[in-house]
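Okay, here we've got a single chain as structure tokens, the form predicted alone, with questions on binding and movement later.
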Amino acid sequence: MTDNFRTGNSPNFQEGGLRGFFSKNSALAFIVAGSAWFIVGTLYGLFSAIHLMAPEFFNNIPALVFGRVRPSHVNTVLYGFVVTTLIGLGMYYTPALLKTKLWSEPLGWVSLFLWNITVLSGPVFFSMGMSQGREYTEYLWPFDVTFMIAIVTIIINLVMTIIHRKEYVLYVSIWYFVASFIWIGGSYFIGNVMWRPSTGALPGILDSIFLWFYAHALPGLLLTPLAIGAAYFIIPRVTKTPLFSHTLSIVGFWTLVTFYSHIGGHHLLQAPIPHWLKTMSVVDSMMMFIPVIIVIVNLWMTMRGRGNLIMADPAAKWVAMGLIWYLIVGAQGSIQSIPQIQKVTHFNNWTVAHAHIAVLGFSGFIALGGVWHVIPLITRRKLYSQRLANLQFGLVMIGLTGFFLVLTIAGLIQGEAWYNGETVYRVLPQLQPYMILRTIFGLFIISGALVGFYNLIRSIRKPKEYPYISASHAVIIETQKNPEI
């Protein structure tokens, strides 16, 4: 093994300076882009919160009306922050675990360009009132195309990397990372009705079925496998122990895709869709707790007795907390699919709270933890500031916890009132204090995004010296010591 990176995908700073470093490292570029989108997405979230707190605040500013701001916030956080960051992590750890280079860095940059063009199209065109008007599928048809091409280029790059690998065993993180793009590629095409570019929709209730098939495939078959793959990579490395059970992780993989593919219909229990589809959606929603428990048990058993290492590591605490959010999200998702409970929890702020802990709490926390774990491996230097990484954790944790509690309470107030026959407008005054608190807690999250981005850029531009060792070399050494890592 030499230090000129015959294996791995992380060139040295000395090889062409900062510009050369970025040009040879699409994984890092994805991570930086994701951190930038985190700021943009949370700012749009602030605009949404202000609307709900003071509806007339942005009067006469068409680009900032709620109907344009909300899809900008949702899509930018989902695709821009969380998924982009997790792609960057996977583009790093996949070649590292396979003891080879990424098959094509130029193709990685093509993927990055197409992906970010798609994400950028959201705020640009939504602010002009141009979208397909379907939740989670708002991107215009030309950018559906760029999204799909980006997915195809990522799949090609990963498959070719696997073909040229030097490590025979495919660790479970690679299973999850590659499968997520295969699953979402098919789901996106179907859910966005891409064969009808003029509308991006189908007539009647059939469109809602297609929409919610994709709307739940997005968190379940994209965010979840990407986040789990990163967690399976980080936790064994931080604790310096083999994964508790590789077999259990594979069982979790197959139960995830088996049950999650059919649960979108539980958003349509009040709609005239076929009864068999409602039943299947509810049953599979309850069964989804199986892959959740498998992941939690597998990683918690891996961490057992090593809590001191987890809490001392600026990355691992993010991942550990992300797993706790995953447990809460999984329990909520199963329970709230029951029709009798959904009568109170659906169509109100309870669902908004649930969505935020799924995206930012589970997958977002793991994405941020992955950033602070992988950046020192890519740059071969220490983080600029562990204190800032811990500060970001505190800010986002306070913000999201408060956000979750406030919106859950507001949702229960709404749900109970409506269930007992109260009109919508008479409930609104009771929600005002909660909308103010929502805005305040949102400011904590925005502050965390800013702190994290500053720390990331300083870690890349002016890194502290770190004992020189190639990132892939470090992973290979640990893999040789513990074959399951």
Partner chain sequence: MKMTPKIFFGGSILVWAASISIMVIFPVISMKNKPSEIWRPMTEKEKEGLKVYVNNGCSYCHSMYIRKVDWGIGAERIARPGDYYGQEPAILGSERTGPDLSQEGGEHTDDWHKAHFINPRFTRPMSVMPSWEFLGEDEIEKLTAYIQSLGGKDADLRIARQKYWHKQAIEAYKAGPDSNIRWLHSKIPDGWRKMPNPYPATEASVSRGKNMYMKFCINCHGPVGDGNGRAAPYLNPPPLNFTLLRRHLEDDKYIGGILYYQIMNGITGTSMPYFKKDLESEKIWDISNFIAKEFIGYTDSDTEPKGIDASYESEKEKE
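Bear in mind the structure is a predicted one, so any value in this text is a computation, not a measurement. Positions refer to the first chain, counted from 1.
The discussion below concerns the form predicted in complex with the partner chain, not included here.
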Candidate stretches 453-461, 66-74, 35-43, 440-448 - the one whose heavy atoms come within 4.5 Å of the partner chain in the model of the complex: 66-74
One residue of Arg306, Lys382, His246, His164 in contact with the partner chain, assessed in the model of the complex (non-hydrogen atom, 4.5 angstroms): His246
Option touching the partner chain, based on a heavy atom within 4.5 Å in the model of the complex, out of Gln132, Thr153, Thr302, Ser121: Gln132
Distance check, Ile293 to the partner chain in the model of the complex, heavy atom within 4.5 Å: no
Contact of Lys240 with the partner chain in the model of the complex (heavy atom, 4.5 Å): no
4.5 Å heavy atom contact, Trp141 to the partner chain in the model of the complex: no
Contact test in the model of the complex: Leu52 vs the partner chain, heavy atoms, 4.5 Å: yes
4.5 Å heavy atom contact with the partner chain in the model of the complex for all of Leu221, Glu422 and Leu428: yes
Within 253-281, the residues that have a heavy atom no more than 4.5 Å from the partner chain in the model of the complex: Phe253, Trp254, Val257, Thr258, Ser261, His262, His267, Leu268, Gln270, Ala271, Pro272, Pro274, Trp276, Leu277, Met280, Ser281
